[in-house]
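Below you'll find only one chain, the form predicted alone, shown as structure tokens.
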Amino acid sequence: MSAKADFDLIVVGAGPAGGMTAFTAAQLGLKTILLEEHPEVGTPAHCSGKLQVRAFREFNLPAHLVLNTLQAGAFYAPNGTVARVRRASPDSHVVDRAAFDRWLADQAQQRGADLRTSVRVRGAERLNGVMRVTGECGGRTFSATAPIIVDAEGARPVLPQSLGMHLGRRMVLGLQYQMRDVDLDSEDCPEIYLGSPVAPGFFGWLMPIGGRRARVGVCVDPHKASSAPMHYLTRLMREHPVASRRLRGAVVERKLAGPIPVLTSRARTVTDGVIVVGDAAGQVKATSGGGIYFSLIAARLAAQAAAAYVGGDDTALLRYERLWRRRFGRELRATAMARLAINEMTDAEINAFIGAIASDGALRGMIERLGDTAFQSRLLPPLAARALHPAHLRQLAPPLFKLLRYGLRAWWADGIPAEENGPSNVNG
């Protein structure tokens, strides 16, 4: 016989995934508690805050969360070549992540969810037919029970391990400064800086957030980088021929550092009484590190599954797994394949790829028409076909071959190269 539970649902982590889960679950009538380890939801701020316009429509998000709107992009090759693309209409907004997270938590509270901050969760267990979460809050022991837990802890979750779940992953390590008085080329055009001297295994960026302010950062793969992210960000700001000019008189307002799980295994994201969502589940695009939109999708599905599970539907958790993979699982697989291939490209091959986009109006136009930062895989088939054009075959055949070779190897090895399959042992 099951013990009487304190709540219908425990949500751990009040980022976008946790906030949307609690919001949706409370709407569905579940007695929900949302636990956040920090004293205030939204702090410290996380990520560059780029969120697709379609997400605002799909989730009816308010316009006051928008700091800036993006319609273009500039990609700088290691040799200085730049490829610029501009969409016919805006693709993404940059949001105030602190305000965004707080808005979701407020919406959940308004619908009856119980928000508890400063709760550091240490583990979970199955006890008398229910799930129990334990930890500390204000120096005292914290405990709560429910039939089901949704784990939205972020990149380094502790609950899955305590319950025997193994979520294989490979992290990149990010460091970002929010800066003012930036000499922007265009307020609607983020810049991406590529190449091994800039950011081994990933890239650097300058993300305009409005009013001559920008978020400037790098992510590096610790398996490829010889130094910490600080080394590469300092070099980008001081030595990169474009970024250094943009940032010559800029002032740092705040700093953020943290890991991003860009390559994850295809391990299940559910077990008895537990659903894992967002960064904790590795629902992140490996090419860009972006995951807010997918987190919101998964969170809504998780809340619906939790409501069905509490109502006695034992198939609800596996249905969550099936539905999120149907919605964007192919995208995660495709971007993982692309990331591993890009990581094997030489700087000369990156130069050739960016150079082809810069010089070929037809190729650039195809990217502008078909490119979608949420579902990037849609561009891969036409991009591969264009790469086989006689004008580009010599330049682009080597990177295309690497996409096939390393991408298929990643698929065979469950998404992560075999020698790296397992929890990262680096510090964020």
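The first residue of the sequence shown is number 1, and the count goes up from there. The shown structure was predicted, so the numbers you read here are calculated from the model rather than taken from an experiment.
Below, we refer to the form predicted in complex with a small molecule, which is not included among the displayed structures.
- None of V121, V198, A356, A334 but one reaches within 4.5 angstroms of the small molecule in the model of the complex through a heavy atom, and that residue is V121.
- Contact with the small molecule in the model of the complex, defined as a heavy atom within 4.5 Å, holds for exactly one of G258, G329, P222, G273, namely G258.
- Residue contact with the small molecule in the model of the complex: I292 places a heavy atom within 4.5 Å of it.
- In the model of the complex, the small molecule lies farther than 4.5 Å from every heavy atom of M165.
- Although the partner is absent here, A17 sits close enough that one of its heavy atoms falls within 4.5 Å of the small molecule in the model of the complex.
- Among residues of the shown chain, A25 is not one whose heavy atoms approach the small molecule to within 4.5 Å in the model of the complex.
- Contact with the small molecule, judged by heavy atoms within 4.5 Å in the model of the complex, is confined among 227-235, 147-155, 309-317, 244-252 to 147-155.
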